[in-house]
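First comes one chain, alone, set out as structure tokens in the form predicted on its own.
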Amino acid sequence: MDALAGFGQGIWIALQPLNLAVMVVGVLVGVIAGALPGISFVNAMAIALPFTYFMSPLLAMLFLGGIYVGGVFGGSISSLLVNIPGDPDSLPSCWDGYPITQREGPERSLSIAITASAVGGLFSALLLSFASPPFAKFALSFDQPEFFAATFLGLVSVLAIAKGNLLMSLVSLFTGIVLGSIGTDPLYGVSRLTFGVPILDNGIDFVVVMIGIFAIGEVLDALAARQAAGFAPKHKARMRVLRPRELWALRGSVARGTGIGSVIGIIPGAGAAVGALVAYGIERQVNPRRREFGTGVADGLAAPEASKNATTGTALIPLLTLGIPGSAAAAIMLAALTLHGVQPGPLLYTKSPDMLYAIFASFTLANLFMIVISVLVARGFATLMRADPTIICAFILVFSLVGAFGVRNNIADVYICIAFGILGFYMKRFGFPTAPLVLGVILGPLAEGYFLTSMANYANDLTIFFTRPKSGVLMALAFGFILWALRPELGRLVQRLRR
């Protein structure tokens, strides 16, 4: 079937009343789940998976795909309104998005985020529809060295958010990497760094760390400073899509973020978090206003928003064309297809082209409906944020602890969450940046796993990361990124040596 004709047929199928209703409900569930601190869209997809047993394979994919598309943006709502990321991939949105909310109100920050996310998501959905086979071949050529190089590039992005405090940022990053390594060694299966404490045997989940650092830590800091009213936006929220003239002013950052996210999305295991981090780091290096990043620069919000949503469509390319899930969300979709006896792969193009193109088309439609639904949900959240500050703080604390428990249904995670909340409070008081610590916990174990498997598969040859073309390019970008970020310090060092 011709791609354009197949896409048109897919649009017609996706617009059938039942299919459309299921997709819209999925988007709504995803946006709300992503916006609630501690309730990620991946958890929502996992909870929804058993219900798809009573649906057809197409309805199951429309429902889960809607949750996926809506959830990736939903985390930005709490990031922008209360500086608490709903998901790890929404963390970069806090750095410039929340200052915009404080300075200009939620209308401006949410309008930028919604528009950039829609552009990135729509472009990614069109790539999924029309460029799946070549992208799938590109993704299939990636192996463990390439995965490590992509994760390493995400880790060095901490240099872009150091904000003139490089030493403390590096200390925070390496602390996060150490904390992420607590638990069971991925290669040898033995416990490490647990010091005989039983609750540490299962390791420390990055979601628990993020909830503690950002949610509980922010609440403690606000209460200690008697500034809990700072959670409430001072402006009435009237979110909308940016006008063409406003979007044109952000064209560079949105285009760069969309391109970065579209490429990173097809790399299995990278995901939206890496895409958002790399997009923010690169944007901070190339943007003319890079020295102002962190103070509320619109480009600093638009780039990661476009990037993380641009990963949604391309993350499904390896799944639908090769049967390889590229993210946790894609793995849940694979489970749904398998549950219905559908094996994703190249044969889908010949056996079930109507279903395949309906899935492609639904991602395009889901990104359009995401705009309307996100505006409505964001308005509701903004209204809630104008409630009494003590109620807001109590709501955040209760939801955070429930969310921490729900990550693994383990009461130990609640204790760990509280501990990291206290740690986040004191880190903020003593000037230690918290974002690098969270990045270390998230990306550190991934980088370690990819590094160890690379060493095991390639006879402990460290040069493999540089001799393979794709991993070599990524490593070169990472080291170039480091040199570019350290340029001011290196310049001062050279001047001292000349003296």
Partner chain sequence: MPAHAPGRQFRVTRLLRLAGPLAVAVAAGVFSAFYLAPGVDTASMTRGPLGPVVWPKAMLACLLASAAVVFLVRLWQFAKGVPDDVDGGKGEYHEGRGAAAIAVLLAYAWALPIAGFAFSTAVFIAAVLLLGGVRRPRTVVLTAGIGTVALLYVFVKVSLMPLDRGKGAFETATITLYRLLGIY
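If you're wondering where the values come from, they're calculated on a predicted model, not measured in any experiment. Residue numbers count along the first chain shown, from 1. Under this definition, the rigid core comprises the largest set of C-alpha atoms superposing within 1.5 Å between the forms.
Below, we turn to the form predicted in complex with its partner chain, even though it does not appear here.
> Which single stretch, out of 254 to 262, 364 to 372, 419 to 427, 278 to 286, brings residue heavy atoms within 4.5 Å of its partner chain in the predicted bound form?
Replying inline: Looking at the partner contacts, the answer comes out as 419 to 427.
> its partner chain in the predicted bound form: within 4.5 Å of a heavy atom of each of 32, 478 and 484?
Replying inline: Not a single residue of the candidate spot has a heavy atom within 4.5 Å of its partner chain in the predicted bound form.
> Which of these residues, 220, 94, 342, 328, gets a heavy atom within 4.5 Å of its partner chain in the predicted bound form?
Replying inline: It is 220 that has a heavy atom within 4.5 Å of the partner.
> Exactly one of 349, 130, 174, 248 has a non-hydrogen atom within 4.5 Å of its partner chain in the predicted bound form; which residue is it?
Replying inline: Here the answer is residue option 174.
> Do residue 216 and its partner chain share at least one heavy atom pair within 4.5 Å in the predicted bound form?
Replying inline: Flag for residue 216 set to yes.
> Does at least one non-hydrogen atom of residue 472 fall within 4.5 angstroms of its partner chain in the predicted bound form?
Replying inline: The answer is no: residue 472 has no heavy atom within 4.5 Å of its partner chain.
> Would residue 354 show up as a contact with its partner chain in the predicted bound form if we use heavy atoms at 4.5 Å?
Replying inline: No.
> Heavy atom to heavy atom, is residue 191 within 4.5 Å of its partner chain in the predicted bound form?
Replying inline: Residue-level check for residue 191: yes, a contact with its partner chain.
> For 435 to 466: residues with a non-hydrogen atom within 4.5 angstroms of its partner chain in the predicted bound form?
Replying inline: Sequence-ordered list: 444, 447, 448, 451, 452, 455, 460.
>> Once both forms sit on the same rigid core, is the C-alpha displacement of residue 49 at or above 2 Å between the shown form and the other one?
In response: Superposed on the core, residue 49 moves its C-alpha less than 2 Å between the shown form and the other one.
> With both forms fit on the core, is the shift of the CA atom of residue 194 between the shown form and the other one 2 Å or larger?
Replying inline: Comparing forms between the shown form and the other one, the residue 194 CA shifts at least 2 Å.
>> When the rigid core is used for the superposition, does residue 441 move between the shown form and the other one (threshold: C-alpha shift of 2 Å or more)?
In response: Where the cores coincide, residue 441 still shows a C-alpha shift between the shown form and the other one that is 2 Å or more.
>> in the predicted bound form, the Cα separation between residue 284 and residue 475 changes by 3 Å or more relative to the shown form; did it shrink or grow?
In response: So the answer is farther.
>> Given that the shift is 3 Å or more, do the Cα atoms of residue 424 and residue 100 end up closer or farther apart in the predicted bound form than in this form?
In response: So the answer is farther.
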